[in-house]
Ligand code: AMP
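Single chain ahead, written as structure tokens, the form predicted on its own.
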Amino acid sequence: MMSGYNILVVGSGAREHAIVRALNKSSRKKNLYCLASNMNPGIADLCVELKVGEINDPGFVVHYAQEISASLAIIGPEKPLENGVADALWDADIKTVGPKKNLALLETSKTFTRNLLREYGVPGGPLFQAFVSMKGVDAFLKELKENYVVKYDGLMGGKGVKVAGDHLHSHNEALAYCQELLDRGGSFVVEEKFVGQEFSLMSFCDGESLKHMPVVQDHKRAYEGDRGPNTGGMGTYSDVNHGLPFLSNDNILDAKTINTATAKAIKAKFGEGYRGVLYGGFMATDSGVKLIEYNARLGDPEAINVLSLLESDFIDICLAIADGSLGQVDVRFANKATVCKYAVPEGYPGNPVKGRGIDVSGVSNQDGLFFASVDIKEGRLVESGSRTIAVVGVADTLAEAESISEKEISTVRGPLFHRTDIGTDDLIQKRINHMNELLSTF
């Protein structure tokens, strides 16, 4: 029998590659295992075993966890959380990082989250109404005028949100989208549109204490200049001071306050603490920080930015989350800037090419390379239809980090594209200018 902690990571994208890499750096004795939905060679290289299987099936995950005598499980993606994988692991006495199904409602139900925050007086929420039919939708849209957002009440891989002006250009289009969601058997939320700059604040949470990570900005749009359809995220950056160039210290403090209040609210609601990563998607506006939505796990690619900076022992943090002792752990991050860029298949997100070979041998710093939606076919690395390869640059300035990231991602060969503008001085200056304009007209 091998000595040390047997740790199971559920999931096999770039986020999970970053998780496995952070666990591997720990000074503790450990044996890493991965339950995967695809053959990720970067994860496989660091694990005793990578097993491809049904990661969303609680029974299957528990059976495998027991087979390897797992002492700790870390759940990467949202779907296993929605399906109660964390509940099943805890029921089998396996410590788990990742909230139970009812606590994961923060991500899996927009209606639940808005109602919870309203009920417990958590600040930062919009005007909103939840709908299970078309009754009252038209009247509420008229009240919001052109400042509205329609959100599917469930998981759609970051693609269920449609925003007035960006995706919906009239109330008729909005009503048609609402009807489409109902026709699928879904429900939805219509809420006030925030105008400002988005940012993400992820916090480790043990049900009582929170330890906040550096704030990050994600880029959802597929093409340069923030054009094109929404994606799971084309890239991210974080600044040296763990802030962002367009945010004030008060903005970051407000986001931390909202995450802390939310953790308290959901514990009050269910009588049980949230154990995992609480990921707040925020908007800095001319009237303060607003909450766009919650995710119940590390972001992808945001995990790559923050875990690349983590100086504390990640296994210590994960055990403390599961044991409820996070308040006693010193969680530190290096004071460096990070820029992460994704290479994605041609045609992504609507009609991505699949099964085509890719070559990453030109990447000089393999530790900055993260495999995502890839597979091995006949000994070749191939893309499997979603975001394919991520590369992170870590440096003393944003400009240096962007330069590293761009140089490295440009060496990846295959039918792929990436956004060259993420983390550049030009794009960041546009963000700063936009925020300054909003604040000066307020």
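Just so it is clear, the model here is predicted, and its values are computed rather than measured. Residues carry their position along the shown sequence, with the first being 1.
Keep in mind that the form predicted together with this ligand is not shown, yet the notes after this line are about it.
Given a 4.5 Å cut-off on heavy atoms, tell me which of 287-295, 253-261, 237-245, 307-315 is the interface stretch with this ligand in the model of the complex.
In short, 287-295.
Contacting member of 138, 272, 192, 173, with respect to this ligand in the model of the complex [4.5 Å, heavy atom]: By the 4.5 Å heavy-atom cutoff, the listed residue in contact is 192.
| field | Of 87, 82, 226, 198, the one that lies within 4.5 Å of this ligand in the model of the complex (heavy atoms) | value | Looking at 87, 82, 226, 198 one by one, just 198 meets the 4.5 Å heavy-atom criterion.
**Asked** in the model of the complex, does residue 100 have a heavy atom within 4.5 Å of this ligand?
**Response** Residue 100: no contact with this ligand in the model of the complex.
Review point. Residue 116 near this ligand in the model of the complex, any heavy atom under 4.5 Å?
Key: Because no heavy atom of residue 116 falls inside 4.5 Å of this ligand in the model of the complex, the answer is no.
Q.
in the model of the complex, does residue 369 come within 4.5 Å of this ligand, counting heavy atoms only?
A. Result no; residue 369 lies far from this ligand in the model of the complex.
Looking in the model of the complex, any heavy atom of residue 163 within 4.5 Å of this ligand? Within the cut-off, so yes.
Check: Hey, with this ligand in the model of the complex, do 110, 149 and 220 all fall inside the 4.5 Å heavy atom range?
Finding: Yes: each residue has a heavy atom within 4.5 Å of the partner.
Heavy atom within 4.5 Å of this ligand in the model of the complex: which residues of 257-291 meet that condition, in order?
Residue within 4.5 Å: 283 only.
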